[in-house]
Ligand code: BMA
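Given as structure tokens, the chain that follows is alone and in the form predicted on its own.
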Amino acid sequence: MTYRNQHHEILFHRHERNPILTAAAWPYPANTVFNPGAVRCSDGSTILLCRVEDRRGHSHLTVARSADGITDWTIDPAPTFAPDPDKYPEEHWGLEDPRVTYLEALGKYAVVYTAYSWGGPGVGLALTEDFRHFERIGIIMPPEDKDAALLPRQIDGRWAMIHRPATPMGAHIWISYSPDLKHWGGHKLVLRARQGGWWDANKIGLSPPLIETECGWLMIYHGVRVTPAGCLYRIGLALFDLEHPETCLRRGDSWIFGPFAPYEREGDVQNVVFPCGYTIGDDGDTVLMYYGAADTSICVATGSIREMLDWLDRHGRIDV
């Protein structure tokens, strides 16, 4: 079945095999699996670093591997990256929603995740070369902060991170900079949640890591609209300057992807599509966007970088 956005343009096509991963496929007991970070390996295979919620309600991260990124998943037999609350008490209630970025200068993948404890959700960072061994940096942004990912290269000699602190004044998207991945400053607000009846009013956040294009950094972000029936999580687009990523060049007014399929409408949290990862094909354009559906399962949709940029060019405007 085809689902169109309000401009009657389809930017993401749901895969016919959705959901591609559920808790029923897991080699050990789990309540739900969702919100995976994603990596495309040099041999063309895919690694998903999946959020797995156990039957206590606490989450950890487990790797699933597939040759084609869709079928025949091999899942680690035990949690791959589990909370360590004795050494890292900020992880007492679990690890959530990883975003993965390859840092070529270090030859390592940066896994940015939400660490959850009594203090609330904070941003944690770990480095890995093989998704078997992880070097924890620990908390790099205190609560309440989440929806974070690193840019793949340094900007003016500093690492850059997109994240979403929340305050009584709202939940907006910020950028921060670091010389060493441990100490962060230069904080700047880059995208505001809108107000009123907008689809992305009051609360927004980064979805997968930014995509570097010749036109700028392409951001896929989520917006949350509160309705009498509950929250609606939908996806929109924005574009930022390559060398000054705190500068928004264009922002789409309408959402481009929302919960319509039954597996997105019904689950532990209804009406949610929540991407945390993507891979890009050999053509440099085709995107496989991996997302959590209703906080219950993992799904995938196919899109095009070129088509997203074209849509922003026609339907976006300078954010004010």
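Residue numbers run from 1 along the displayed sequence. Because the structure is predicted, anything quoted here is derived from the model rather than measured.
One more form of this protein exists, namely the form predicted together with beta-D-mannopyranose (BMA); it is left out here, but the text below deals with it.
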Contact label in the predicted bound form: Lys146 to beta-D-mannopyranose (BMA), heavy atom within 4.5 Å: yes
4.5 Å heavy atom contact, Val269 to beta-D-mannopyranose (BMA) in the predicted bound form: yes
Any non-hydrogen atom of Tyr233 within 4.5 angstroms of beta-D-mannopyranose (BMA) in the predicted bound form: yes
Close approach of Phe257 to beta-D-mannopyranose (BMA) in the predicted bound form, 4.5 Å, heavy atom: no
Of Lys203, His92, Arg136, Arg158, the one that lies within 4.5 Å of beta-D-mannopyranose (BMA) in the predicted bound form (heavy atoms): Lys203
Candidate from Asp285, Asp54, Asp253, Asp295 lying within 4.5 Å of beta-D-mannopyranose (BMA) in the predicted bound form - any heavy atom: Asp295
Listed range touching beta-D-mannopyranose (BMA), judged in the predicted bound form by heavy atoms within 4.5 Å, from 272-280, 40-48, 24-32, 65-73: 272-280
